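Okay, so we've got a single protein chain in two different forms coming up as structure tokens, structure 1 first and structure 2 after it.
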Structure 1
């Protein structure tokens, strides 16, 4: 009903609408009934008046012809006083054709107002007219008095208008009283019906409002619900049990225990208590809905308690980070202990403040909508509140947290492990330097010999008392300076290589650490008859650390050297070491190939395991390739080996190009 105000209640709409219809129908019935009854009553009375007049006219014709006026007077009085006519009939009089009054029922002088009234038209059986006389009204009915074909006069019967109005009034009062009684009965029926419909709906509305406010106990009292079903429901008592109806965990062919079947058959969701009309059934369904909400609310609360327990008791720092802003929404107590911040200090703080150097860490993951749901970021550098760095492995997983897109960040503190790795790598480098000491000494011996020869020449010239020619002096001093620079470069490279490196990422041209290896070990390889072939193309930079990459290539080159110079490898076999670098499809590839004796299939599957070695006792600890594998994996790279006995070996290293600088190319 669009014409009604929106806040009009359903009860008022039902009651008002129904009563409006009842009143309208009652009014129409009253009007029609009144018109029918009043018209019929007036017609009936008029017909009675006509009948009275015609009866008098039939008997009065003889008296008129005989001019017997006493009998005429007696006739009209008898007719007027017969039965109830004395109330209905006001007067009766007979007149001749000339209008003279022959007889009448008046006991007083004949009213002058009645003379000549209601004349009879010709060929009419009667005439009816409303007349006024002596301050009253009457319905005058004129009936002709005929004798054969002649008309002798007329009989006038005056019906009392006040009596007729009294009869109509009584009829109207009786009928209106009946309509009023019917309306009152309909009022009570409609009021009771509207209350019966609106009261349960009002309770349902109040119960729904209570549920919206978070209360599930109030609706139970409002709807008069019983929790008997809850007490008998095993799934409600033990939330580890599935509820077949809601959880729908039951498979088609899954066997059902007797106890579960009995419980399900008695479940109120499968078989309602029934009875009542549609509103009662709606209330029952609503109560079932409340039960299911309570069930799942309890399970949700238990699930949240489990989550909170896992969240707080997790031995690793865990953060809930808003994906859109990178702000920390929640943090567990371990995060406070590891990072040194209080919980209130962490909430609202940007996660980027904890990992300022992690260019491709969680911050990039938050910004990348196409990233997978779960990712692992190994060895990220975070900072504590006091500025001290720590290294963590970060697991990130996207979730929905309080209607917001968020990411669960779990950080495992691996600072101690990273330090041990660094110490192990440093020890490996020191071991490498020790093994290469002879070659290094030879590398340094060359510039020293050249400097010695130059100084001896100058000494000899000084002892002879002569002066060297300007050309010779320039050549000697230039050569001495060049050899000093060469020795200084070797010593400087040794110092850089031997320095303990931090696991901090930087942009590295992978050709540089490859060349650095041969700065130290190149001459030794030449002395051992190993041909070195370098095909280093211009490649894009990668995110790594040059010092550690140099350790990687040191290990690979030393292993290749040992494979080509070992006792099991024939001396006549060509000794060639080939290193190739190239870029392709966002990757940087480096292959280190040798012409050694190759690696057997059984050993090839274990060469990256720590402490596994194929060398003789005392010549290796089996950590070189394990360290190489760990360093390559730390930088997001892959390492593979192809080898076969007597066919040499090829180590293939693949690194991703640094994302923010890869597009610029080498």
Structure 2
């Protein structure tokens, strides 16, 4: 109904609408009734007046002809005083055709007002007219007095207008009283009805509002229901027990045991049949719904608390990072402890700030929409608030967090492990340096020898008082300079090799560490009759540590040497060490092949294990290849071995090419 404002309450609509209809119907009935009743009453009275007039006219004709006025007067008096007529009939008079009054019922002089009133038209049986006389009104009914075809005069009967009005008034009062009574009754009924509908509805509304505001307490009280059923329902008090009536979708993965699948024979709570009209049923349903919502909200809160406690008690730092912006939405207390930030400082901070070496970390994962759901980033370098670096293994996992795409980032602090690793590698390098010392001494002795001889030669010439020939002088000085450079290069190389690697990866041309190995033990290999073939074609750089890679190749080369010079190896076998490096589709491959005695099948699977060695006790710790393996894996590389007895072994190393060289520079 567009002309009714929307905010008019249902109660008012029902009440007002019903009352309007009742009143309208009453009014129509009243008007109709009044019209019918008053009209018929008037007509009845007039007919009665006409009948009185006619009866008088019939009897009066004789008296008029006889001119017997006393009888005529008595006649009109008798007629006027008969029974109840004296109330109704105000006057009666008889007039002749000339208008002279022959008889009347007035006991006082005949009112002049009545003379000549209500003349009878020709050929009419009666005539009715309202007349005023003596400050009162009357309905004058004129009836002709006929004798044969002659009209002798007229009988006028005056019906008292006030009497008729009082009759009509009584009738009206009665009728209006009745209508009013009906209306009042209807009013009360409608009021009650509309209240019965509207009050539960508004209660439901209030309850719904309360739920919206988060208040779920006592739905029964809220809805005005009795709450005795609650005390008997186990599921209500114990949230671990589901209500089997409601909870139809529980139990994916839950045991459908007897206990879990039982159903209350008669639910004391969920009692739809409990009665009441539709509105009451709606209220009950609503109450059940609130109960159910409360149960699930409680369960949700418990679950949230459980996971919150898991989140907070996690020994590793855990972050929730918004996928779109890379900002931290939440962090646990361990994250504060490990990274040195307060939680408030962490929230809203970009995760990128924690990992300055952004290549390939979580930042890249966030940006890559095609990445798998869960990924592990090993050995990422992160930075604490105070600028100290730390090393972490990062698990990243996509989730939805408060309706946003987010990533759970769990970082395991492995700084100590990385440091231990570095120490182990360093120790193994030192051991290698020790093993190389004979070779180093030899390598250093060569230039020193040449320098010594050259200078001795000059000294000798000087002692004899002569001058060396320009050619000899040039040769000696040239050689001295060259050999000093050579010695310095060897020492520099050793220093680089022995240097502790910086935590940050460098861009390394893989051919450099390979060549580096041979600057130190190349001569020794040559002395042992090992032919070294280097085909170094790799051009792409990789991200690694040059001196650790040298350690890797040193281990491989020394192993190859031992495989070719061992006692079990016949001396007549060709001794050839071939190292090939090449770049291909984003990878750098290096193979180190020897013609040694090969690795037995049984040992091949174990060679990368720590402390596994085929050498005699005291000859090796069995850590060389294990460390080699660790180093290669650290740079994202792979190492595998192919070997056949009597055919030699091939170690194949594969490293990913450093990708972002262009933008970051070496």
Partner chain sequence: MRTILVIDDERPTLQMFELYLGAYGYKTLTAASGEEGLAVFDAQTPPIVLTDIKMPGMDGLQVLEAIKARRPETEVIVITGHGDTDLALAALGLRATDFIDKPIRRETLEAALGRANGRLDMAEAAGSGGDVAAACEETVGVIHIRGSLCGESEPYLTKAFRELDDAVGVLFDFTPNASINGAGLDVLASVAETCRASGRPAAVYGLAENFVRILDRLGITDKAPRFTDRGEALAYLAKTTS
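For the two forms, the rigid core is made up of the largest set of C-alpha atoms that agree within 1.5 Å on superposition. Quantities reported herein were computed from a predicted structural model and do not represent experimental measurements. Positions refer to the first chain, counted from 1.
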Number assigned to the form predicted in complex with its partner chain in this pair: 2
Where one rigid part turns on another between structure 1 and structure 2: hinge among 114, 509, 297, 518: 297
Rotation (degrees) of the smaller of two rigid parts between structure 1 and structure 2, from C-alpha fits: 16
Displacement in Å of the C-alpha of residue 208 between structure 1 and structure 2, rigid core kept as reference: 6.8
Shift in Å of the residue 306 Cα between structure 1 and structure 2 [rigid core superposition]: 2.7
Core-aligned Cα shift of residue 166 between structure 1 and structure 2, given in Å: 21.0
